[in-house]
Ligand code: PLP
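One chain is shown next in structure tokens, namely the form predicted alone.
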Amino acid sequence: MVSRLAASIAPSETFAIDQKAKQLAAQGRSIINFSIGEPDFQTPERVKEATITAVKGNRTKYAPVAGIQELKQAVCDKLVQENKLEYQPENIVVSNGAKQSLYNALLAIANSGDEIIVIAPYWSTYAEQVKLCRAKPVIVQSNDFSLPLGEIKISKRTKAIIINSPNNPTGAVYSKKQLEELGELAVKHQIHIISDEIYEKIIYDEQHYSIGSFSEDIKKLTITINGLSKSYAMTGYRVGYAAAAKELAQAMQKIQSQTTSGINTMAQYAALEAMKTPPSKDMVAEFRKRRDIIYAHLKQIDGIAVDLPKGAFYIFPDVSKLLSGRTIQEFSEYLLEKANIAVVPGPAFGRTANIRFSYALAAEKIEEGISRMQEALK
């Protein structure tokens, strides 16, 4: 019999839908899969070669728990040059993807009964990880996908706020003013900010700001989360990292030492090679092209309300006028069965009127998928 905690955790709906789509495709169905957030670009050749070189060079033994020194220094160099965040290697913890970095951060700060504010729409993992820490996720809705500063209420139990910009699932990018005001709020109440910046390189007409860069007081309270999965198309390498005050970084390292230990050694040397140069601008240009295509096509469908994403590779239209008495899950299932397209229903992200499309797939597939949707809705 499983524990009450395990029973309370929702499985990843994104991965469940992706697996179902792949199963249907394996059965011969022509499925266009908008569900999974994985770039369809290939890992850079130089990164692949660095992986092979690491293996041939016998760099196949245990690595330090918090990451090899060279990679931690490369993260420090990147953060100071690109994010105006000055850290030392002792402030960096390299983990098995940004998801583990997030969980390490929550475990390092949250006690049973603490409250963690999560801005909705949100990546579903946030709320479930908070529950795994025996804390309580407090969901604050953002109707226009910006930071709902006026709706954030701090209680005696509030321990942290999780933010994600550029945002999954909306593609929203928080402004400098919004982030500065949130930073001031955190300092006033002495609560942590967990800033998930995994999509920072996939941004279009806006500028990315790291909230911890605004002042030393904000920086002390901020745990910055990032990784290489999205920007370098290295999803399978599982390389993420956290940057935080020394005390928090030591706590996260201690937690990691008793869970997964250090991450894959060869992946770390591959990540080190990746970080020698910025990600390809061609990938961002292609995502912009795809964003414009899917946005234009969705805008043409009567009953859909949609905002133009400013970053990441997701779009999150409101389809409530198309439900005709169906739940959003039933509507998503209808699209899979009748249109052969896989989308993720909004409740996975804290919304009941929306569906998420990932446009991390070829432009022609995007056009075909939305065309199928239009036909199914006639």
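Numbers follow the displayed sequence, beginning with 1. Nothing here was measured: the structure is a model prediction, and the numbers come from that model.
There is another form of the same protein, the form predicted in complex with this ligand; it is not shown, and what comes next is about it.
Taken together, S146, Y174 and Q178 are entirely out of contact with this ligand in the predicted complex: none brings a heavy atom within 4.5 Å. Put simply, I198 is close to this ligand in the predicted complex: some heavy atom of it is within 4.5 Å. A98 belongs to the set of residues with a heavy atom inside 4.5 Å of this ligand in the predicted complex. At the 4.5 Å threshold, heavy atoms of Y314 reach this ligand in the predicted complex. In the predicted complex, this ligand lies within 4.5 Å of some heavy atom of K230.
Here the chain stands alone, but in the predicted complex its contact with this ligand, taken as any heavy atom within 4.5 Å, falls in 161-169 among 251-259, 298-306, 161-169, 182-190. The single contact residue among Y103, Y269, W123, Y209, judged by any heavy atom lying within 4.5 Å of this ligand in the predicted complex, is W123. Contact annotation: of the candidates R238, K220, R288, K131, the single residue with a non-hydrogen atom within 4.5 angstroms of this ligand in the predicted complex is R238.
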